[in-house]
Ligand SMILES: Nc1ncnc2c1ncn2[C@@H]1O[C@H](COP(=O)(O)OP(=O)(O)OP(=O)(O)O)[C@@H](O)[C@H]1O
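This document opens with one chain alone, in structure tokens, the form predicted on its own.
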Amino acid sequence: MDSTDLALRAEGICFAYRGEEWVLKDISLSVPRGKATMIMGPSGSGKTTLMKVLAGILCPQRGRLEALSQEVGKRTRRSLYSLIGYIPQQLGLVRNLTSLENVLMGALGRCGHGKVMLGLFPRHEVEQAQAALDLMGIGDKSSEKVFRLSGGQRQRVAIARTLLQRPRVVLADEFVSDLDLALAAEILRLMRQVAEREQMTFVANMHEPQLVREFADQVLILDHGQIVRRFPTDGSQERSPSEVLQ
């Protein structure tokens, strides 16, 4: 696959939190633009660490990582903000702020921090934050404190915040793991629709095979810090992700 068709490309990525106790071992992967890639694996296999490396939050000791043909290691965290959005497992919302205020956090990379500290976001950013909540179907919850929202509503606030960031790639770390299957499917379906509409690439850690069968274009299986199986979308495997996960 040509590099211009890739949202993310990693070559020989190794990462350790200390010494040479490698959590990720020689990871190489390609994520096609505009597709949904799901990463599966047992607990402790390195999925969250991999997502943080792909997001540019952690810097690998070895290897090379590109996002949209740009080397991640040579970009500042702020400059990555317009390329990569990251939804952590616990969503990273501020419970005592309203839904709208949480969504506005997605505009931090574009707004001066002095004004932001005073809550002075430009009007157009506030309007776009409200539009993102409307798109998520919870526009009427904009003034509601996050701690008063249901799990599914908080998930939608987190997605809306990421949309306001305007990234080209969205990484989500087990972000529907605390929801029941039906609600998780609803959130993922909405995420796919938004990704297609905004021409974004979606990458998520998942543990539920039924959801992966329904929503994945590509599946990567991670075990002991290594990708042990992959089922791409380019036809190079006889079986699709849906067939493999029966």
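The structure displayed is predicted, hence computed values, not measured ones. From 1 onward, residues are counted along the sequence shown.
Omitted from view is the form predicted in complex with the ligand, to which the following refers.
Participant: Non-hydrogen atoms within 4.5 angstroms of the ligand in the model of the complex: do Arg156, Leu188 and Glu214 all have one?
Facilitator: Not a single residue of the candidate spot has a heavy atom within 4.5 Å of the ligand in the model of the complex.
Participant: Using the partner position in the model of the complex, report whether Ser45 sits within 4.5 Å of the ligand, counting heavy atoms only.
Facilitator: Ser45 belongs to the contact set for the ligand.
Participant: Taking the ligand as it sits in the model of the complex, is Val23 in contact with it (heavy atom to heavy atom, 4.5 Å or less)?
Facilitator: Yes - in the model of the complex, heavy atoms of Val23 and the ligand come within 4.5 Å of each other.
Participant: At 4.5 Å between heavy atoms, is Ser142 in contact with the ligand in the model of the complex?
Facilitator: The answer is no: Ser142 has no heavy atom within 4.5 Å of the ligand.
Participant: My question is simply whether Gln89 lines the interface with the ligand in the model of the complex - judged by any non-hydrogen atom within 4.5 Å.
Facilitator: Yes, Gln89 sits close enough to the ligand in the model of the complex that at least one of its heavy atoms falls within 4.5 Å.
Participant: Hey, of 29-37, 45-53, 192-200, 61-69, which bit sits against the ligand in the model of the complex at 4.5 Å between non-hydrogen atoms?
Facilitator: After filtering at 4.5 Å, what remains is 45-53.
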